[in-house]
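Have a look below at one chain only, the form predicted on its own, in structure tokens format.
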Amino acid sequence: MNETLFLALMDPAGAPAHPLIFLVLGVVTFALHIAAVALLLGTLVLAIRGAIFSRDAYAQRLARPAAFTAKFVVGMVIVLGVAPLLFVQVVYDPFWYTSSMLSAGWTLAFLVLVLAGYLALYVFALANDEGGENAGPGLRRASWLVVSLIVFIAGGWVIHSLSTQLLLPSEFMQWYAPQGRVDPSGRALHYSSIPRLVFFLGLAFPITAAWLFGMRAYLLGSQERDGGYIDYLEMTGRRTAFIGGIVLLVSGAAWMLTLPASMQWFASSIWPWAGLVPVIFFLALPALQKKRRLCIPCNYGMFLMSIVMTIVLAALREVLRYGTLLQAAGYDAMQYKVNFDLPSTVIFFVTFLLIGGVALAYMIRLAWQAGRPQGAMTVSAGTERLGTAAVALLLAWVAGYFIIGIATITGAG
């Protein structure tokens, strides 16, 4: 393989900051994205089970908040999916570009699948919007939930294949010109690892279990009177977490055993053993929950720790990608050319941390207060001030965007 080819394909403009920043941000944002994906799939399964397949009154009751959670989370999945993709394009652009062009038809199909899954979920939501998630157990047009689940899984399979193809640069020429004949159609997905796909989809079990524990704590805090429903949430969460731990352990081991030759260095390194830490945590989640079942903050802590463990798994995924491309193509992402741009770096972090952080804090605080009282909710003065600040910061950001843009264009002219 001509290693200088990939170096020549690097963006001559370089990165606006050190590549390590983009690698770290890529890990964090991918972890948040895959956690949102896991919660989306898990809540869809719970909604489908309660609305279509179960006659249990509590399963049917759970179906409605699960379905409405899925509707909310799908927006997070899409928004949080943009950031890690952009960071991949910045640092690994020669490989991502090649992979997406070799399967260009599927790259476009992915967008169609996401749109179709999104629309299917909202067709369902429009049929059940009267009274929101508290309107009762009955759900109409629940078959649209099944359509949404299938389509989203198909979309996950496509993006999984595109992401794994970029790790096999030695196969690019064979995929582009099989048997010496150029195939520019982009109709084929050239590589998939079923154990890897199952591993990341399997995160739906523990993440959804943690959501169930958090929901249980939320209802306890709002003085839910139906103790049977509270117990059902805990039982379902513990069972789901245990199944998830087994799925992750088995699929993770199968993934390591079936790695291609260019990635086998990872299986024989210490890194997979580090991956056992989050898997063991997910396996132990039912026992941890049982021990802390009366501690409401601990229930929320389970969800936060699940996110932390997902970040650990995302970091190991990045190690695999970094090391494989370094060995297979001599491509060191840390040596990416840097043309430091202070204004764009400052704008990014101000947007990400300040504006996004305040808006997120407002939504979390509002949701927390909504679950505390019985009956009508009264928004506190502090929450109102936080909401006002979130809107003011967003308006300031939009104004700043146009001011900086106009100034830049005027100065360039």
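All residue numbers refer to positions in the sequence shown, first residue = 1. Note that the structure is predicted; figures quoted are calculated from it, not measured.
Keep in mind the form predicted together with a small molecule is missing from the figure; the text below concerns it.
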Contact assignment for the small molecule in the model of the complex, among M263, V88, A142, L283, heavy atom within 4.5 Å: V88
- line: If we test each of P94, G214, G275, G156 for a heavy atom within 4.5 Å of the small molecule in the model of the complex, the one that passes is G156
message: Given the stretches 284-292, 172-180, 156-164, 227-235, which is the single one in contact with the small molecule in the model of the complex, using a heavy atom cutoff of 4.5 Å?
response: 156-164
- request: Could you tell me if all three of H18, G323 and Y336 have a heavy atom no more than 4.5 Å from the small molecule in the model of the complex?
  value: no
message: Residue-level question: is R196 within 4.5 Å of the small molecule in the model of the complex, judged on heavy atoms?
response: yes
message: Although the partner isn't part of this model, could you tell me whether L46 comes within 4.5 Å of the small molecule in the model of the complex, counting any heavy atom of the residue?
response: no
message: Check A35 for me: does it contact the small molecule in the model of the complex (non-hydrogen atoms, 4.5 angstroms)?
response: no
message: Considering non-hydrogen atoms and a 4.5 Å limit, does the small molecule approach V250 in the model of the complex?
response: no
